[in-house]
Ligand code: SAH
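Before any questions on binding or motion, here is one chain by itself as structure tokens, the form predicted on its own.
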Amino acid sequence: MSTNPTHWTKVDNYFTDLLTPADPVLTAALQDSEAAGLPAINVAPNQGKLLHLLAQLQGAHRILEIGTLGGYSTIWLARALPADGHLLTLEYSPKHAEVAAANLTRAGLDKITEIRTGPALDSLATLHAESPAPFDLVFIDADKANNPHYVEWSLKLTRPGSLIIVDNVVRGGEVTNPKSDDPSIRGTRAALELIASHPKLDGTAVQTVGTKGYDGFALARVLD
């Protein structure tokens, strides 16, 4: 097995070229995000396609995304929704939200998506107080220090059978370090431990390599 990142990238590019053909809307979303100075931390195209397929397999009508950035993953997820579906995405930065809104409008998804701006924990508390219909899928890709809180809120906003996805859980391999004082690592470990111990969650985590480097994600199903 190769440990050469060049090989990982080559394989990722092969998968992407073969299975996720060039899409002008998604390409423009990345270009506009870069032009606006947003960090290049969006999911890779094949990872976006995975989110899309998971949402379709889930039969999702309602999706909650925590962490919008420029809306690249939002587009992938929203495209999996039926015409009467709804995606709510939470973004801390007004600048990022503005870029994402333009990208979603270009994609023709502005009627089934909603962006709320501000600290996600505040937005989640407000959302919960509104007693919304449960979400079928939650994608968590925001500040990692708050990952356990995001998982806890996700449990309050979902139903049995819902799927929770937590991105970027490997942290360069440091997720195995119980003595780390890095808030992102501590938060990620706490989220994984919550998934492992909570009686209403059944989950796993997977390591990945590719154009985004060495990383991984966790999946958890909400139980009865």
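So that there is no doubt, residue numbering starts at 1 and follows the sequence shown. From a predicted model like this one, the values you see are computed outputs, not experimental measurements.
Same protein, other form: the form predicted in complex with the named molecule, not shown, and the subject of what follows.
- Using a 4.5 Å cut-off to the named molecule in the predicted complex, not one of Asn147, Trp153 and Asp202 places a heavy atom inside that distance.
- With the partner left out here, the named molecule still marks one of 157-165, 40-48, 186-194, 172-180 in the predicted complex; by a 4.5 Å heavy atom cut-off that stretch is 40-48.
- Contact check for Ala142: a heavy atom falls within 4.5 Å of the named molecule in the predicted complex.
- Residue contact check for Leu69: one or more of its heavy atoms lie within 4.5 Å of the named molecule in the predicted complex.
- Put simply, Ser93 is close to the named molecule in the predicted complex: some heavy atom of it is within 4.5 Å.
- Looking at Pro132, you'd find every heavy atom of it more than 4.5 angstroms from the named molecule in the predicted complex.
- Only one of Leu87, Leu104, Val138, Ala120 lies close to the named molecule in the predicted complex, with a heavy atom inside 4.5 Å, and it is Ala120.
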